[in-house]
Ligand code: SIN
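Coming up is one lone chain in structure tokens, specifically the form predicted on its own.
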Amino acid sequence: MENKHTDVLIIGTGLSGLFAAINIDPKYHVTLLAKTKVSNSNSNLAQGGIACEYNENKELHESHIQDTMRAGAYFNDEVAVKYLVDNAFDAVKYLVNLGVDFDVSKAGDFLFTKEGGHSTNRILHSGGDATGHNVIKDLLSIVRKRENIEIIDNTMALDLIKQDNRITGCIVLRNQASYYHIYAKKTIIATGGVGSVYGSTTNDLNATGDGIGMAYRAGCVFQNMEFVQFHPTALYSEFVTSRQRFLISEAVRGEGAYLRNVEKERFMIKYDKERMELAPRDIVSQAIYREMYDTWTDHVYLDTKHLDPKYLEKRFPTIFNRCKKEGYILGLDLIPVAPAEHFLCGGIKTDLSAKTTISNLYAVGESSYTGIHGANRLASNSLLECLVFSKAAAKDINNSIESIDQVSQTAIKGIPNYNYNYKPIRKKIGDYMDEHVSIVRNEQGLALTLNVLTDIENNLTKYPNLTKYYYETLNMASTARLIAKAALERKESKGCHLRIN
């Protein structure tokens, strides 16, 4: 297939990729790449909502800033947090003006809920617990009507093209067959999370750290990779064989659910007397880990028995139906839950315009490190981060793209193609990450894992293979190694990173 040229190349079709595309001036051609289906993304799975003080109230804005800082163990970049909160109202208002629907009361006012670490009800939601799905569906319908935006699905970005220390596009593989270059004046990485490097995750299984791997090979700077957030309440089942776990939103605890150990005792009072079940995720996940350790089990319970089943079914239709399918009724039964990998708080270092350390390359969403999350992300700040920083990236691109000449082509490098099976390597990565780079970490386990991952990455690099599965596995190995290395280097416990020696 012939090489392609575009003005702006966006790798990823989650919330940050789609919102960036919509905010690019329509006079520029935008190409959106989806590795599989356009709708497959972590954004599509997001249940809770979007944290936003939908007002001009300075006190409430300051409260959102302080909640974010406190949840992040004050390891956040306060300037970035202030930028996020100050721009939240405008970004979400633009989303609403585009026609995206959020849940409203009978009087027509937005309904706001509360999640862990928040001091007020400030989380907008849609379809009860289907916020991500509904927002993505609405944005996709808008994107498809824009004549300047082209979507290419089933196409994996393999590597960034770098010329004279600037990024000029990427090398792609379409439908496991067509191998070509897409040249762009500006490139945005919006590839999402890294969940597949762990044995169990709430992420879409397409989240194999592709943006992290590509940016690493291109020479980008990374920051805070050790801070991996585990969601406290993924639905537990001993019979599940998939890496992917079903998430039970923190908003269920926001509506009053309790956590109990297998002895049926509430336990959060021992770990955070003030906020109990609504403590930030790092505290709750570590508390559950401790309770599972102390009671020799692999799960705890989410208790909604004191809440009205009819209300829960209306408020959380997706969760209610999935639990029912598994044999549990919200409001009547104890729901078994356990922590699972959920979100990378670190990533590719960017500034407030989402620019990376390499010219003409931007990173938005979970693959980026903006400084907002610090050592632990505040619930529902992730979708907000996607909106605010995608808008900032688009604004910077609109203001600077005219100064860039059309990029020159480079020769396509031949890569052999083998039908290799990478499943055993992926399993090994997940097993080591689960055992040694999970909620609790120690020096010996981290050092061992780093050695194993370095060997895996070196061996994969030695034997390139022109398949999607090879590049995914290479990205997983690189991402896992960056996490393990950062975790080994940070001796003190902070936020999501708990070191016991």
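All residue numbers are counted from 1 along the displayed sequence. All values reported here derive from a predicted model rather than from experimental measurement.
Although not depicted, the form predicted together with ligand SIN is the subject of the following passage.
Report the stretch among 396 to 404, 175 to 183, 372 to 380, 345 to 353 that approaches ligand SIN in the predicted bound form to within 4.5 Å, counting heavy atoms only. Every other range fails; the passing one is 372 to 380.
Taking Gln47, Glu250 and Arg281 as a possible spot, do all three reach ligand SIN in the predicted bound form with a heavy atom inside 4.5 Å? All three within 4.5 Å in the predicted bound form.
Close approach of Glu226 to ligand SIN in the predicted bound form, 4.5 Å, heavy atom: No, no contact at 4.5 Å.
I'd like to check something about His231: if you look in the predicted bound form, is any of its heavy atoms closer than or equal to 4.5 Å to a heavy atom of ligand SIN? Contact with ligand SIN, yes.
Applying a 4.5 Å heavy atom distance criterion, does Glu291 contact ligand SIN in the predicted bound form? No.
Using a 4.5 angstroms cut-off on non-hydrogen atoms, would Glu277 count as touching ligand SIN in the predicted bound form? No, Glu277 stays farther than 4.5 Å from ligand SIN in the predicted bound form.
For the heavy atom contacts within 4.5 Å of ligand SIN in the predicted bound form, list the residues of 97 to 134 involved, in sequence order. Sequence-ordered list has one entry, Glu115.
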